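First, one chain by itself in structure tokens, the form predicted alone.
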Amino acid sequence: MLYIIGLGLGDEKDITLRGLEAVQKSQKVFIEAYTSLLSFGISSDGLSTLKEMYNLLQEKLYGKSITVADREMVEEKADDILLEATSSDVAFLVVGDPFGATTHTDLVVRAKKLGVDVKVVHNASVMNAIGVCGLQLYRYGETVSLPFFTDTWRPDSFYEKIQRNRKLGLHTLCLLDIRVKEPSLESLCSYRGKKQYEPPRFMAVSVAIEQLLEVEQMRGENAYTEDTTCVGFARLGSEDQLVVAGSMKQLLEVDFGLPLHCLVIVGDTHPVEEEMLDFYKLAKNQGQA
């Protein structure tokens, strides 16, 4: 049996009782560590070591040895995980909800093709936790992902999606880039030696807005401006989560602190949404939730 278990967003206590029971009866436990991270695993230097983070999980609550499944393991060695699940119970832990990333859907498909039984234990994810700001979830359009720009790669495919959402008066959730254990350019170009990795990077709200405005300046189709109202979020689901509403220009100046961050571009609003959103506007109380 393969259990795919959502951990929620904050810390090790956010796992459900059903999920905890599945972990404790599994012979092998993996945790996916590249599409998202629990807030308590992130420190001021970007990331506490994954080993330390998951040792905490083992010691504090789960009582199981946990294997960190990075991008390479999940995308290239998933069959090894599934092979173990053919003869024993295997738990695959996912921050947020199991179906918050397409990688996990692919894992389910591959498991079913191999005849492995799959049970899913759901949990909270960023997709519904953003409701804390008062914008109604059914008034959101297509979600977009914002990757880090580089000197030679500045994709803007998200622009049309935001534009379509705004024409329909819908809000847009922007998921911000997370880069953990990414191979360095030098190691990708080398045929020998140990693979080297870039330091962890987590996109901040300010970087996201800078990139959005750069694309708008380049495209010039007025999908949004520096005066467009947005909501910035940091560490959703944790005790010190931060929610701040304001214009893009205003949010550029806000220090959202430690990751993870995300951003919502606000569409047309209902009076009830406006009333709730008002609690998080900069002029009120700097948006602390």
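The structure presented is a predicted model; accordingly, all values stated were derived computationally and were not measured. Residue positions are given as counts along the sequence shown, with the first one as 1.
Below: the form predicted together with a further copy of the same chain, not depicted.
The stretch that touches a further copy of the same chain in the model of the complex, counting heavy atoms within 4.5 Å, is 131-139, out of 131-139, 199-207, 149-157, 80-88. In the model of the complex, a further copy of the same chain sits within 4.5 Å of a heavy atom belonging to residue 125. Taking non-hydrogen atoms only, residue 170 approaches a further copy of the same chain to within 4.5 angstroms in the model of the complex. At least one heavy atom of residue 21 is located within 4.5 Å of a further copy of the same chain in the model of the complex. a further copy of the same chain in the model of the complex is approached by residue 109, whose closest heavy atom lies within 4.5 angstroms of it. The candidate spot formed by 162, 225 and 242 is out of contact with a further copy of the same chain in the model of the complex: none of the three has a heavy atom within 4.5 Å. This chain is drawn without a further copy of the same chain; in the model of the complex, the residue among 176, 213, 73, 120 with a heavy atom within 4.5 Å of it is 120. Shown without its partner, the chain has 272, 275, 276, 279, 280 in segment 255-281 as residues with a non-hydrogen atom within 4.5 angstroms of a further copy of the same chain in the model of the complex.
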